[in-house]
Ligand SMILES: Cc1ncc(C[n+]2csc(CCOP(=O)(O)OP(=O)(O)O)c2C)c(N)n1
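Next comes just one chain, in structure tokens: the form predicted alone.
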């Protein structure tokens, strides 16, 4: 055998670095409406190609076309538009509050609003989401009070979690929102376990697991796929591919699989990719996957192709690792603008009504913020009691915690 020379270590590189020209030429975008919609009981082996395409409903003219269209009424779409605008307005106010020192930390959803807002409308009461920190739209779209969300962000006296969680790490059993964990990927396998428990109990509730593209490199992601496929857990396995982890591009975690959805193929799990900036497409695919789970057909892996327009968090400066104009070059557009244009095309909306709705929603968000701030912020006003740190840990407080509480004088 000829000498192959010295081994070389390979590190994937993004197409462009800061200062360069954004390039998304490698993102193949099929024509809207061109991807077929299989029956929910389809043999996963016959739809392997859906792991490499992108399901789209809205075309460039704002029309809903193809077999995945037609599931939502105009009223439901108008409601979805309001949810996305509310989330974006909420984000802007809370990001500003963080800059003003009213909270320690914040993470925006800018450009990704359709993913969580549309997905929530495909679920039923009692279903449980195991989210990451960029799915607040699940709460917004389910009517969770914004004031309560803000109280948690401010860690004030009305914080439902009593200051025991990082800002934006919400929790609400009533709204199907499992407590967020900062240790990413842990909740992927927890969602599968919850779904298995629901099946064992002969319940009717399904679970939804959430993960970002970067965290798919964690072992919990792969463990979850093993258990989900083996036991046909009633779970929807969501991967939000927003192109960037904290500061590394998606290729680092994706490796040689081509797409994140393709990871599910080796486990025999039906795997689809969907335009994450298309509210109608997200809802249609989520509904398809939820129906599979609810009909005892097992898990579905869904990759949402979207783009993180803002920073990873309030602690991040994306200009250090990607071109400033990259978000403008993203070929799938803005989810709010696309749904707005669709509703205008249908004759049920207008630019004037949209501007009015934005103003009304902003006023509602500001009013909620004022109410929350009356309960305190990070450096001013009421705080949770130190006594709260001892509560809610055990059904009956053990002696050593009682002693510690007494020593703390609370």
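Numbering follows the first chain given and starts at 1. Only a predicted model underlies this, so the values are computations on that prediction, with no experimental measurement involved.
Quick note: we don't show the form predicted together with this ligand, though the next part is all about it.
Residues within 4.5 angstroms of this ligand in the model of the complex, judged by any non-hydrogen atom, belong to 130-138 and to none of the other stretches in 285-293, 224-232, 130-138, 321-329.
Put simply, residue 334 is far from this ligand in the model of the complex: not one heavy atom of it is within 4.5 Å. Although the partner is absent from this view, residue 264 stays clear of this ligand in the model of the complex, with no non-hydrogen atom inside 4.5 angstroms. When this ligand is considered in the model of the complex, residue 193 lies well away from it, no heavy atom lying within 4.5 Å.
This ligand in the model of the complex comes within 4.5 Å of no heavy atom belonging to residue 254. Between the options 168, 85, 245, 161, the residue in contact with this ligand in the model of the complex by a heavy atom within 4.5 angstroms is 245. Among the residues 184, 123, 147, 272, the one placing a heavy atom within 4.5 Å of this ligand in the model of the complex is 184. Shown without its partner, the chain has 212, 213, 214, 215, 218, 242, 244 in segment 211-244 as residues with a non-hydrogen atom within 4.5 angstroms of this ligand in the model of the complex.
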